[in-house]
Structures are given as C-alpha cells and as structure tokens.
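One chain follows as structure tokens, the form predicted on its own.
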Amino acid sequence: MRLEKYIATSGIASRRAVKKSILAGAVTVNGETVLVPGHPINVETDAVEFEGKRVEPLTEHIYLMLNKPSGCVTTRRDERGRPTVMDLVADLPDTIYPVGRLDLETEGLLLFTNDGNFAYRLLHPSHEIEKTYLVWVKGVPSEEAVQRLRQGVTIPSGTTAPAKVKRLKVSKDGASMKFEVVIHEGKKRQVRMMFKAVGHPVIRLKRIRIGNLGLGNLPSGQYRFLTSEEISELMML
C-alpha cells in the first residue's frame, strides 16, 4: 500500500495533508524519514510514524456535518488562540478532521471525517462537486454584473468557472441583496472574491449544501452524524 493512503485511511489526516507532511519530513517508516509520497509499505510489518506518533489501522470511520458559526477558524489549532472548529467537536475522537475549509467569517455546512479516502474524493477537483451558498452582498448588482458572475470572473487565484447565480431578495432599505450561488471549484475565498470583482462586497456568506447533502435545520455550532445513505450518495459524486 502507498504510504500516504495508509496514513489517510488510518484517520489522521486527509491524503493531501499527508503528502505535505511527507515532503516536510514528518513521516518515518521503520525509523527512517521518508520524503517521497507513494513510498510502498507493508501494512503488516512496517512501523509508520506521523509527526512522531505511531500510525495504527483504523477500526471505525466517523462522518459528520457541523453548522459552522462565524468567528471560528477551520484548523485543528490556531497560533493566535482563536476558536477553532475542533472546539465544537471536542467530545469526539481527536482523529477526525475537517474536509476542506470555510474562512473565519463564513458560516454553514462543514464536513468532518477520519476516512482519508472519503475526504480525498470530496476534495479532488476532478469530481467537480457542487457547493451551494447563500450570499448577502452590499448594494444591488446589475444584470450585467450577475451575468459576469455566471460566465466567470477574474479573481486573484485565477478565472472562475461558470457559476449558477440566482437572485433571491433585496433588503427593505434597498442597501443589500441576497443570492443563491452554486460553484464546483474551491479557489481561496472564491465567492467573496467573485462578488468583489463586480463591485459588491459580501456582507454575509453561508454554505448550505454540498452535492445533495443539505444543512437543513441544524442549529449553528451543532453537529450531527451522517446517515449511511448520505455517506453513500457523497461517495458516488
């Protein structure tokens, strides 16, 4: 088995994160540092350590969704001492980790797991899994601006793919507008940068759906475990 797959399926981190750790020299096999992702190992006889801790085969996978509130970062720990999403799942095994991330101010649906293959499948760009957001922006964008968003705009990380953009509601005072936006990419702060590019900064942002999995009525700051049907549907995306 490849080294990064073994570590990921043990529930320590996603395969992408494991590769970075291997390149950084944080993984050893039988006491020897391995710097090449893809290194083959014998799961029966080789002793693997990840960041100084022995990697053991996983006995049970965990899958859950969290309604992330604004004001907490999507990291396992924060150097600046800010609240993290891990604080909200502190009663669960510390082998789980977030699948992807939402920025500090963004709310909504965030998945957690200790199944590296599950995380890898959801994060890999080739699968183009749709993510749905509710977006509140300053001002009322023109039809021309909305069409630019639908066709793709240039942001610091590149040109965005066409997006599904639906007008929902103008505020009573006419100072802001609410949208539903569906994208399948994961560029840094993408939705915020898209609306900034057309001159309408985001006031509030909430992810409400990944693929067919919706946030529903889950209260902010709370989590629930996924059903077997939901897990299967996500794995088929």
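Numbers for residues come from their place in the sequence shown, where the first is 1. This one's a predicted model, so the numbers in the text were calculated from it and none came from an experiment.
Another form exists, predicted in complex with uracil (URA); not displayed. Remarks below refer to it.
- Not displayed here, uracil (URA) is approached by Arg189 to within 4.5 Å at the level of heavy atoms in the model of the complex.
- Interface membership of Thr106, defined by any non-hydrogen atom within 4.5 Å of uracil (URA) in the model of the complex, is confirmed.
- Interface membership of Leu102, defined by any non-hydrogen atom within 4.5 Å of uracil (URA) in the model of the complex, is confirmed.
- Contact between Tyr133 and uracil (URA) in the model of the complex is found at the 4.5 Å heavy atom cutoff.
- For the candidate set Leu205, Ile210, Leu66, Val27, a heavy atom within 4.5 Å of uracil (URA) in the model of the complex is found for exactly one residue, namely Leu205.
- Partner contacts here mean any heavy atom within 4.5 Å of uracil (URA) in the model of the complex, and among 190-198, 27-35, 174-182, 46-54 they occur only in 190-198.
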